[in-house]
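Taking the form predicted alone, here's one chain by itself in structure tokens.
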């Protein structure tokens, strides 16, 4: 899952220069007025944690606990290394009923968000994701795209979250083509759980960033957390905003994970209707208190495109959306337009939509 040529991506989305510090592999010294910072690698990306206003020992203990939690989630939810999810996928493919107690929260949320997005968010298309080469730890190969016949075959099988049936803790599928891959929202959900754990540990001012899936609570002293949204070109900052209370800022983009072949870039975000990588938008940012929802919505809106994003966003209940198309034009709803700040010297063309309410 490590991104080819994208080790700079590990610095992504904290845009630490905007809040006056740089995350480092080693933790910083912490006084009560300092920010404790640490990083660890999981989910195929770098996870950064910043904690303000608690003793260093308490912050360090909390980071160790969160690290262990993330590692357990990664092990349980992995879509191609042996895990609880691969065990469930084997049962679904064979038509067997499986007990999936630890995966039930993810399954239920996936069914909800799939329904709200008219199936554009569809974790049941694991076979398509594998066909395109995105269930892979190595992105160094220039893989050719799959044949149109193989894509059409899987699209015609129409795996969806509606095929997943849940009866108590028992799970089965009415469609053997269903293979689950939670990559489109697992990190957002994991950050939700991590923030809840920090709050239970008595930490109420923090940021967690799992490869661009960012969630913050509280403040940095007397000031709100101030974060940047990475430019979809891959470098620099497109916009910045302040966090209000407990919020997630999630961005999906075609620059995150992709294959290139003969000069053509193929994004990891697959449209379940066509079996092809989504095109038209280079990034979609969603702000919401619920990180899992923001993560799922950013994927669904990327697939919906400029023609249908507004309707899908309303159905999913998100209030803050920013999209960037392939020409670099930025589209925002009015509520988001009031929050994001652009560099006045390099301000993009901005189109403000109708309100989402």
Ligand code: ADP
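Positions refer to the first chain, counted from 1. Computed from a predicted structure; not experimentally measured.
The following text describes the form predicted in complex with the named molecule, which does not appear among the structures shown.
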> Based on heavy atom distances of at most 4.5 Å to the named molecule in the predicted complex, which listed stretch, 263 to 271, 70 to 78, 196 to 204, 85 to 93, is the contact stretch?
Replying inline: 263 to 271
> Among the candidate residues 179, 122, 209, 285, which is the single one with a non-hydrogen atom no more than 4.5 Å from the named molecule in the predicted complex?
Replying inline: 122
> Could you tell me if residue 239 has a non-hydrogen atom within 4.5 Å of the named molecule in the predicted complex?
Replying inline: no
> Using heavy atoms and a 4.5 Å limit, would one call residue 281 a contact residue for the named molecule in the predicted complex?
Replying inline: no
> Within a 4.5 Å heavy atom cut-off, is residue 253 in contact with the named molecule in the predicted complex?
Replying inline: yes
>> Since only the chain is shown here, I'm wondering whether residue 232 would be in contact with the named molecule in the predicted complex (any heavy atom pair within 4.5 Å).
In response: no
> Judged by heavy atom distances of 4.5 Å or less, which residues of 303 to 332 approach the named molecule in the predicted complex?
Replying inline: 303
